[in-house]
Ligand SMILES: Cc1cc2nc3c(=O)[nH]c(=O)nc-3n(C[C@H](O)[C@H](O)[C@H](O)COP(=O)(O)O)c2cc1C
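Form predicted on its own, single chain, as structure tokens, below.
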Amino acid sequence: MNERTAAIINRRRFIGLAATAGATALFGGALAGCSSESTEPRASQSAADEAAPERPTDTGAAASPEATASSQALVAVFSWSGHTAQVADRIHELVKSDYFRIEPAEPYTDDYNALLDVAQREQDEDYRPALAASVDNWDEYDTIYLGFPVWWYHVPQIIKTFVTEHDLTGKTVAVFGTSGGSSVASTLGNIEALCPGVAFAGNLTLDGDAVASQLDRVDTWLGDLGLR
């Protein structure tokens, strides 16, 4: 098997298939979010040990939401490649909302193959990357549009950090994401395990390699949700 073929197979396995959930390690310390689990790693990790995948094109930095006194909705998205960010941008265009980029404090590697290993390692160790920034005025939002790519049928570990540091209890949460074959519906249990009081309004998955041609599905989905 040549190197290019191996890379393609790895990518398809990563975004379309579920990997074995490795042994997890929970760490002491309390957070003011949905769970008291810590985001600290079992051992110190190098800058390369950050997170994982879609495919690169995304270099946007985390930003605090644009503060508007009347807004009660927030689009919060993690997007390594830019695919999921396209969906988030469409939602933000159609819904009166603020916008927040979920980013790690330590930037991810832009090498896709290296990212595969990082993502697998994070899941195996239940490592929670620290956030570059937190949402200002979190309590003012009652509707959260939460977006991320699906990795091995799971949420990226940074999403676990986000939901433990931002309490979803009492908020309406609509989940959207991109994938190469699985669905964000398969990840809802990951969030529920950390936030037992979460109320999901619905979920939407677009093909990560064909987001631009599927954005009309976002319009239909939002209309069905009745949240705008």
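We number the residues from 1 along the sequence you see. These figures come from a predicted structure and were not determined experimentally.
If you look for the form predicted together with the named molecule, you will not find it shown, but the lines that follow are about it.
field: His83: touches the named molecule in the predicted bound form, heavy atom cutoff 4.5 angstroms
entry: His83: yes, in contact with the named molecule in the predicted bound form.
field: Any non-hydrogen atom of Val75 within 4.5 angstroms of the named molecule in the predicted bound form
entry: Answer no; every heavy atom of Val75 is more than 4.5 Å from the named molecule in the predicted bound form.
- prompt: Using 4.5 Å between non-hydrogen atoms, is Tyr141 touching the named molecule in the predicted bound form?
  reply: So Tyr141 does not count as contacting the named molecule.
field: Proximity of Ser179 to the named molecule in the predicted bound form, heavy atoms at 4.5 Å
entry: It does: once the named molecule is placed as it appears in the predicted bound form, Ser179 has a heavy atom within 4.5 Å of it.
field: Pro104, Ile159 and Leu194 all contacting the named molecule in the predicted bound form, non-hydrogen atom within 4.5 Å
entry: The answer is no; none of Pro104, Ile159 and Leu194 reaches the named molecule.
task: Would you give me the residues of 123 to 150 that have any heavy atom within 4.5 Å of the named molecule in the predicted bound form, in order from first to last?
output: Read in sequence order, the residues that approach the named molecule (within 4.5 Å, in the predicted bound form) are Pro149, Val150.
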